[in-house]
Structures are given as C-alpha cells and as structure tokens.
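This document starts with one chain, in the form predicted alone, laid out as structure tokens.
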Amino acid sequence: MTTSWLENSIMARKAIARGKQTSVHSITEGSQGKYHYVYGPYAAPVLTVDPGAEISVETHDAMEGRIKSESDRPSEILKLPFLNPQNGPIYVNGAVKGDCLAVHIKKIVPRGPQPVGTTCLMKEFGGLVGTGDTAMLNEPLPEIVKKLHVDAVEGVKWNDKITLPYEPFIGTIGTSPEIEAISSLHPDYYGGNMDLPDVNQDSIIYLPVHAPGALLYLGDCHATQGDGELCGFAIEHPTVTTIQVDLIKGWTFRWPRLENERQIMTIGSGRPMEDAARIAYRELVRWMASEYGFDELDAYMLLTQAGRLRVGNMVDPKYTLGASISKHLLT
C-alpha cells in the first residue's frame, strides 16, 4: 500500500484532524469489562477521545471464547442472541447527529493461545439450512467445530494440504442508533454485523452519526471469509485491532460508505438480497451524482457497466452487500 491514497482520502481532505494521529489509547479486556451484544445509546462509554485518536482494541471472537474444543456442541454452549460481543462504545468528542465518523482500520493481528481460530456448524444456522425464519422439515445438519491455527504471516491452516491466506477484517462495526437498542447480530443503516471482507486493514469506513459522541462499537473480527459467510461462521478469532477515528462535520448520508486505495463503496443491508443490492447501488449512484459531478442517470448507466457487487453475509437477519466503483473512473 502506498501512503499517497491516505493523504488524498476523504478523511484527510474533510475530517477535523485531516487523518492525522493526535493521541494514542487502548481498550483491553480488563478496561472493557462487560462486552456488549446490543448497539444503542444506553451503555456508558468505555473511552472518550478527540478526533484523530488511535485506539488499539482487544476484541473477542464471535463466541466470546466459549467454544474451546472440537468436541464442544455449539447449540448447547451458544445462546442466541448472545453472539458477536462488541467493544465500546467509544465516545468521540464533537460528534452530533448529521456528522460522519471516519474509522481508518490500521492493523488487525491475532491474539491468544493457538489454535486461535474457530469455525463451526450449528443447528438451524447458516445459508444452506432451514432456520426458524426459513422453516423446513429437514433434520438439522450435524454440529461440527473446527479449531484452526491462525498466524498473521503463515496464514490459516485448514488442514495438512490447505493453508488459507490471513485476510483479516472487522465483521461487526457501527455507530449507535439514535434511540433503538439493536442486536449485534443485525446489520443496518448504522453498520453492525455486515461481515463484509472489504472492511479490512488499510480501508476507511464512513459511518453516519445518530447519537451524541457517535458511540462506536466494534468486534467479531474474522481471519478470512468467503463471500456470503455461507455456514454462518467465518474463521472467528480474537484480535488486537488498531483503528484511528476522525470526524467529518455535516457530511450526512443514510448508509455506511467505504474507501480504500482502489475504490469507493456503499453498503446496504436488507431482505431479500435484491433489496440490499438496490440500497447499495442507489446510494452509490447518489454519491457519484452529489460529489463526483455525474448526472444521476449517467451514473446509473455507468454502474451497469462498471459497478462491482460484494456479498458480505447471506445468513444474518438481514443480508449485506457492498456496491463499488473504481476510483480511476471518478476522476
């Protein structure tokens, strides 16, 4: 990665701290205390920072470390909706409704004793099985737990023949809704459990602010994941995740946005999956029209030829898709 894209990023051009680091903080398991399973404005902040703060965060895996061996049965140990423990909330001074919180994801590294990675099959949970909402008479699949060695350099050891690259990202990140308290299993307009692999190292996610201080939550980091998170569990692992937050005053939009060196992306969540795609693409059309000089209908036609669509998850209560366009087409 070159540094030039960050110097010319939206965060560097529009945010209060211009993307510059102004202070350094950390949230450890001890300082976090209770992890949260709800996004909302009612939890006391664990940290208050100014724009430009760098924060290292000790995240848990999606099961808060409860699955300890391959003989464990997830349905007996994991109790929905208590999945995706969240660090935070982090209060950012000066953030008010109508602003945008910019979060630069600087680094994600595994932590804890090996095997640090976990994936599994759980009854009535996943993209190719019957669930309580997609009701089928079929018997549930057998429960299987797979514990994996995860190394930031060597990758994810699936078996003796297959090693997957370490491609970490934040599965669940978002700001607080204004008055709602919403499960950390849900993705929506504030972010949440999007499970989108593009929310990775060296990207910047832009989140709408709805509550004073923005109240940022994050957790559920994945070591790697295929499009769709098909069985419902990626390579879940605890991490030390380092982010830098900044604040863009008065930049108001409905759904999360993302930027990296190559592209801009808008993120939509909904059911059916077509609605998530429509949300993402409509937001991208409007972004191109409002800030990149496109006629809206011309942007619509250009995206028909050059737009790209990424599936985050197809398992959660709502599905998440990201619509993107290459930056070189915007200049």
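It should be emphasised that the depicted structure is a prediction, and the values quoted were computed from it without experimental measurement. Sequential numbering from 1, following the sequence displayed.
The discussion below concerns the form predicted in complex with another copy of the chain, not included here.
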Heavy atom distance at most 4.5 Å to another copy of the chain in the predicted complex, all of Tyr42, Gly126 and Lys146: yes
Check whether Thr119 has any heavy atom within 4.5 Å of a heavy atom of another copy of the chain in the predicted complex, and answer yes or no. yes
Report whether the minimum heavy atom distance between Gln305 and another copy of the chain in the predicted complex is within 4.5 Å. yes
In the predicted complex, does Ala211 have a heavy atom within 4.5 Å of another copy of the chain? no
Using a 4.5 Å heavy atom cut-off, state whether Ala152 contacts another copy of the chain in the predicted complex. no
Pick from 60-68, 47-55, 258-266, 34-42: which stretch has non-hydrogen atoms within 4.5 Å of another copy of the chain in the predicted complex? 34-42
Students should find that, of Ile77, Val109, Val96, Leu230, the residue having a non-hydrogen atom no more than 4.5 angstroms from another copy of the chain in the predicted complex is Leu230
Taking another copy of the chain in the predicted complex as the reference, which of Val245, Ile90, Ile235, Ile205 has a non-hydrogen atom within 4.5 Å? Ile235
Just to make sure I understand: among 301-331, which residues lie within 4.5 Å of another copy of the chain in the predicted complex, judging by heavy atoms? Met301, Leu302, Leu303, Thr304, Gln305, Ala306, Gly307, Arg308, Leu309, Val311, Met314, Lys318, Tyr319, Leu329, Thr331
